[in-house]
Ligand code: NAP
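In the block that follows, a single chain appears as structure tokens, in the form predicted alone.
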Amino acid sequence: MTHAVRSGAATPTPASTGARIPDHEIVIIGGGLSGIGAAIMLDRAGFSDYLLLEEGDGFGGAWHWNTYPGVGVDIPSFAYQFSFEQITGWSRVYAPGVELKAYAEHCVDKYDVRRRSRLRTTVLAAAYDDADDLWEIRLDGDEVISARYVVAATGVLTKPKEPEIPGVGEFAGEVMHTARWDHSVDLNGKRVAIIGTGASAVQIIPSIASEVEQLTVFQRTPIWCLPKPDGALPWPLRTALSIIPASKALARLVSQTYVEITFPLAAHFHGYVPTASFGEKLGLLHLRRSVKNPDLRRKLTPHYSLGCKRPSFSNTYLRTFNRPNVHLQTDSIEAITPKGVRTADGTEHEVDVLILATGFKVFDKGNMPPFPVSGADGQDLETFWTENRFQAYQGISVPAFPNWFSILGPYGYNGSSYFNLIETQSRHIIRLLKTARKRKATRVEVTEEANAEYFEAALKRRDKQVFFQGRCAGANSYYFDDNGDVPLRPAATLETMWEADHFPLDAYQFTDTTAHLPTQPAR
């Protein structure tokens, strides 16, 4: 396995005297639900000396940044919460974004995370100090803090992706990305254009269609849209869930089973159980029932397999195209002009407001990782992934990057509830930290052999995945990276949970190269 150093990587600190104690045992980078969950679980496991760093001015990650009209969770709310903090106050089966933001703040306060966090703090780089087995984290303002361990909980749906269309900066009207919604812009009676028909657009389009004078939707790739088993949760039902024994657990189990069937099993085991085929029939039926015009139906029909690209669930999105003030435009965009959008046929669509529903940087340079990370001997993480393809042992650890653990690393997320990922990865990390504490180790590093074996095992399963067995050409899916890989974990959720508690500890090396250091004082 090749390791390389990128020029311009985070510069390690000068040679240490070998007598430094880190500022904190653990630094958690990211104040979204993954960072919050990791902090809570670490604290409950006896690792209370942590500092959580968050770039934004509030907690919640995606639910802090995304406040566009119609924003909401895309799996049932009962599965979208921590197993140790289940609430029954959701207003709907699929909760709106404001309730997810409130849930994040609730967890932060209940479990005393806020006191050990710093908001409005941007991490610029991280470098491993080989001499003292600790990480130096450089913040804006030239501040540097150190930690024995780092938990990277930065997520992937955080950095908006601007469209690569000429003239975006020349538009004279209002421009905003869905992830940075400007609530001061009044859409009432305006001519609005929205570029993109991904998950965010599916929620926004029906939410603003009745408000605007004209809505032009520029679609490059149609999205699979399935019926959404949503509905309001009346207070008698919410009350019953809170008082009837085991009712919350049952609601969570039913929701998780539904999610498991609709993505992890359908995507990763397509070669064994082609449930995606049934989903396609359901999606086409939903389209026929929702859209009256046959030409519109044709334009809205995906020509790739369900699962190749993130699907969506909505009971209103497709029907919105029946409205006389909503226009679907499938001609490719040539440029953005001061007055609007010019398509390849030379037509200029004049608009007052331009909405960019162009998604996020996922497997893009500058996002994986989101800042320079320099490991043992100054090796650069982005360079390692560029030269060796995305890989990480169970999505958590990379060789030559000791004491660095990711919540959402390559081949970590299997597509089930994000909360299952958070809890599974946190249990894996906690098991490592407990072992290191027991063995008095200051350095925890996955072996090259264990990482290579895991990576090879993941690749061997791809021939049964819908991504490589289905019709994915033309899907324009962010699941695929530049190498044509899909760095999702090809496993059922129960398997990921079992492996978090039973992975072989000899997959890691536990060493103590700072035995001469004084004992760290209690905090």
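As the structure is a computational prediction, the values presented were derived from the model and not from experiment. Sequential numbering from 1, following the sequence displayed.
Here the subject shifts to the form predicted in complex with the named molecule, a form of this protein not shown in this document.
J.: Indicate whether the named molecule has at least one heavy atom within 4.5 Å of a heavy atom of Ala201 in the predicted complex.
T.: Yes, Ala201 lies within 4.5 Å of the named molecule in the predicted complex.
J.: Taking the named molecule as it sits in the predicted complex, is Gly279 in contact with it (heavy atom to heavy atom, 4.5 Å or less)?
T.: Contact with the named molecule, no.
J.: How about Pro399: is it within 4.5 Å of the named molecule in the predicted complex, going by heavy atoms?
T.: Residue-level check for Pro399: no, no contact with the named molecule.
J.: With the partner left out of view, is Thr221 within 4.5 angstroms of the named molecule in the predicted complex by any non-hydrogen atom?
T.: Close contact exists here: in the predicted complex, Thr221 approaches the named molecule to within 4.5 Å, heavy atoms only.
J.: Sort through Leu408, Leu287, Leu157, Met368 and report the residue having a heavy atom within 4.5 Å of the named molecule in the predicted complex.
T.: If I apply the 4.5 Å criterion carefully, the residue I get is Leu157.
J.: Which of these residues, Asp230, Glu449, Asp74, Glu348, gets a heavy atom within 4.5 Å of the named molecule in the predicted complex?
T.: Selected option: Asp74.
J.: Have a look at 354-362, 318-326, 185-193, 431-439 and name the one stretch with heavy atoms inside 4.5 Å of the named molecule in the predicted complex.
T.: Partner-contacting stretch among the options: 354-362.
J.: Is it the case in the predicted complex that Tyr50, Thr121 and Trp404 each bring at least one heavy atom within 4.5 Å of the named molecule?
T.: No, none of Tyr50, Thr121 and Trp404 comes within 4.5 Å of the named molecule in the predicted complex.
J.: Go through 306-324 residue by residue and record those having a heavy atom within 4.5 Å of the named molecule in the predicted complex; state none if no residue qualifies.
T.: The stretch touches the partner through Lys309, Arg310.
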